[in-house]
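Next up: just one chain, as structure tokens, the form predicted alone.
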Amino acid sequence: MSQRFQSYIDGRWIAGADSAADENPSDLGSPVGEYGSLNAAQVNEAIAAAAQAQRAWGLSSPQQRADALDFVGSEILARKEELGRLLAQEEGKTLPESIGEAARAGQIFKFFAGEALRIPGEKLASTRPGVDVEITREPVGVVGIIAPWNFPLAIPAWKIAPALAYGNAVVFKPAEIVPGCAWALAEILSRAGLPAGVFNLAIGSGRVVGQALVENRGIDALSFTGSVPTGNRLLKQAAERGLKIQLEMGGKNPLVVLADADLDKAVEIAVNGAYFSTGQRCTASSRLIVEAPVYDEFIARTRKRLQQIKVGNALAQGVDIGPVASRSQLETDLSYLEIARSEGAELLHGGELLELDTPGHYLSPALIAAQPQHRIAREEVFGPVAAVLRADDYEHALALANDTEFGLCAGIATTSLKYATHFKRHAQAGMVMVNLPTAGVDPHVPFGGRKASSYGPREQGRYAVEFYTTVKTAYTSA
């Protein structure tokens, strides 16, 4: 192991209290490196440093913030192949997807460099003569960021960049299985001209680092992306002390395929949305709802397409799907396949462990014919697993699409403007895609869902200002 990934506190690199291997899910015999985990005292030190540094950073010029973020974005873009390779090794995403994610992270920093110069405000006339009213936005203070492992560059970018752009300080906790990407991002930020303490990287367990971020009163706001159980627990803890919180917690996203759809295009949309990135996307099309007249043909064409999918080492050329990111996630995927069988769902394709040239967490993409009540059709699996459901007609398909506790994305494949328009209005989701995969969003527009998928203001784009700032109204008498 040639690389040790350290935390970054108050402008200093910190080794952490212990060490663990950073696994390569494509080749279990060749770890990416090792990392150290912070203890509670070190996390609290990071929070204190952020609180101290934020006072001046919150009053810094917009140009200073814009220059720092532009530097970060430019370096990420210049090094996207190198960073993409690290991401592919560490998370298991194919190399082209990983390079694309690195580029997206760079673009996000570039976008918020511009937003730092466009912080909105208003000047209004008062109802009282001789009184002026100014409405301004100010930073909330110290932002705790808890990011998941499935997009280890892009998701941290779309949280860290707006936090810094609007004058906040940051304490960032990455997922434990992707410390290398977090370290690489922190290393670039450490050279961006930020005052010591404005940005801090805290590598460690949720039990230690995450708990400190929600309990320590030096944290003014918390942005979390992860599982529903963890998000709900954080929400309860945040409510007890009035902590501003933003949650993104997954989905069970429907893709409706109507009988009038271009079926070849619909199959490509379904396979891309359900299985690319190994299905490890909260926006994945994990429920394929197909209108009865084309149900059998859709399944036949999808099975044929899945036979062409190549699963392999994330760094290998020609690979469509890399390994599952971790042993624990692989076990979850396999357990849901067994649950599906036990409940009477039919495995139509895949779901098999694969032995390849290098030992890794390889699973062939699984397609399962299910009923709406089956757990495989209701609970998020977060792997290369999709359930297909039969719908009698459009109205039935829409009802099935909305029959879920989640509401992140919803998609429809159709050539009908009537049904596309109706679906966009009536799908109970924060994002709707027409003739596009549900997985695949732009970084300059709002991201977020409804129901159990999200809580709090939207992420990304100009809407990020709602979470990372607080509004002040000032009255002045002449």
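Because the structure is predicted, anything quoted here is derived from the model rather than measured. Note that residue numbering begins at 1 and tracks the sequence as displayed.
The next section is about a form of this same protein that is not shown, the form predicted together with a small molecule.
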| item | value |
| --- | --- |
| Heavy atom contact within 4.5 Å of the small molecule in the predicted complex, the stretch among 188-196, 242-250, 352-360, 111-119 | 242-250 |
| Joint contact, V257, Y419 and G440 to the small molecule in the predicted complex, by non-hydrogen atom at 4.5 Å | no |
| Of N168, N150, T94, T302, the one that lies within 4.5 Å of the small molecule in the predicted complex (heavy atoms) | N150 |
| The unique member of I368, V267, L306, I146 whose heavy atoms fall within 4.5 Å of the small molecule in the predicted complex | I146 |
| Contact of T225 with the small molecule in the predicted complex (heavy atom, 4.5 Å) | yes |
| Exercise: L408 in contact with the small molecule in the predicted complex, heavy atom 4.5 Å | yes |
| Residue contact check: R233 to the small molecule in the predicted complex, 4.5 Å heavy atom | yes |
| R287: touches the small molecule in the predicted complex, heavy atom cutoff 4.5 angstroms | no |
